[in-house]
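Starting off, we have a lone chain in the form predicted on its own, written out as structure tokens.
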């Protein structure tokens, strides 16, 4: 081969290597960048008043006086919205109005009996009051606008009678006036449609601003607060402004999902129509978003369902179970590799052992999980007096077995790469086999062994399937010992992804866990790489 041809091949090889590195970096950036960006929104975001109120109540964090003042100012701004909603609801939920009219009529009769009015007067007033009540109830119950207005006109014809001045019955006239305003602005035939849409509007407002003042305190933390972040505000505002409907645009074609403006279609012309523009235009005043750096995300506990709080217990559990797995797998893997290199003959038995180790490295992780459940929890632990419940110990041992083949193979290659002269020099100076391995072979092979440990760390920290049945829980207290189950970053992300629309409502929590897991693995790897680098420098003598 000529020098020119060789130069061309060298340049081509260099180009291919460089392109592969650039391509690998680009793929990593394309995969990780969106994930890390979304994950960072769990820490850096625009927090609303609801976030500050939640932090104060759940984590005792923030200025109580300042948050209370902010709460009072916001309630003043939100009150017209609630009043508008209540006014419209009173005209649509007619069953409640009929019951209210009956209560007023009953109270009026009790008052007459209490005042001991003559019997003929009592019967006359009761009859007239009953007539008014029945007319008003008929107005509520009919879906014909003309008929309803006729009933209301008849009710109003009794308003000027002196018998009802300053009595309970006067409230029936006020109810009739309020309902007349509603009847003139809504289509009574669509009353059921209004009620359904009204429930959606009330739920959207609850998710935006939290429960209405005076409402019963919710048991679940996720229902006690409104939108705690600006991105949630925008999402819930969209739900408030637009309804989703399935519309069949062409005969014979499947229906398609379309967004319908509530202001322009569902509640057009009603007294509720201005509410949507009011909320949309003043949404920042109504939620008070502020730039927030929530660094406590990495230490805070989370509420059930992962709606609020951080990933502190998940980080602790992941570190414990990962380090436990490495403590179990590392010495066992190094000793196994030592035996295979130094003492195992290249016979059938060793070949079978190596084949089994290689096969184990490719076994699906869920198989290790089922093995851990059957062997450790159901067989071994009960026989040595330990609990058969899921625990960190069981999870660590199972993950240790999972990464053991990787450590064995990496350690075997590292030990085999140590020059034979090192061992021969040690033995010539009188050291035994064991001492030679500890003081000469192992330190020389340690950089290569640490490479296997780094790969194993990443896998142990990120595995979900092996710990599903034997170590992980979705919620619960922090573990008090290695015999308790624990929350994990990988399992928490899995729970959010498979939960009932949890990932849809709090995507920042899922990606925040993934980001934290990546950062944690990166940190552990950096520590191992630093140790490996120091060992390599020591071996080189500087």
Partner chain sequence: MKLTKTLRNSWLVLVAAIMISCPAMAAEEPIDIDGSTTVGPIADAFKEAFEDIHPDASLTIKKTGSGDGAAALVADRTDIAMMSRFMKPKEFKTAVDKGIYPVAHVVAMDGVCVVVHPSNTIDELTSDQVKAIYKGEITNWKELGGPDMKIVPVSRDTASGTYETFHKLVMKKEKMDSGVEYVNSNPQAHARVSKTQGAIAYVGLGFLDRKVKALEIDGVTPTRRTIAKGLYPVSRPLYLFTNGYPKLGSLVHAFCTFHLSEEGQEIIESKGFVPLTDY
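Please read all numbers here as calculations on a predicted model, not as lab measurements. Numbering follows the first chain given and starts at 1. Take the two forms, find the largest set of C-alpha atoms that superpose within 1.5 Å, and that set is the rigid core.
This next part talks about the form predicted in complex with its partner chain, which is not shown.
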Has each of 304, 446 and 480 got a heavy atom lying within 4.5 angstroms of its partner chain in the model of the complex?
-> yes
Could you work out which of 279, 373, 186, 360 is the residue within 4.5 angstroms of its partner chain in the model of the complex, going by heavy atoms?
-> 373
Listed residue (230, 82, 469, 294) with a non-hydrogen atom within 4.5 angstroms of its partner chain in the model of the complex | 469
Note: its partner chain not shown here; in the model of the complex, the stretch from 352-360, 241-249, 130-138, 402-410 having heavy atoms within 4.5 Å of it is 241-249
Going by a heavy atom distance of 4.5 Å, is residue 28 a contact of its partner chain in the model of the complex?
-> no
Interface membership of residue 219, its partner chain in the model of the complex, 4.5 Å heavy atom rule | yes
Partner proximity in the model of the complex: residue 62 to its partner chain, non-hydrogen atom cutoff 4.5 Å | no
Does residue 538 reach its partner chain in the model of the complex, with heavy atoms at most 4.5 Å apart?
-> yes
Taking only heavy atoms into account, state which residues of 425-441 are within 4.5 Å of its partner chain in the model of the complex, ordered by sequence.
-> 435, 438, 439
Core-aligned C-alpha movement of residue 245 between the shown form and the other one reaching 2 Å = yes
Any CA movement of 2 Å or more for residue 229 between the shown form and the other one, core superposed?
-> no
Relative to the superposed rigid core, does the CA atom of residue 257 travel 2 Å or more between the shown form and the other one?
-> yes
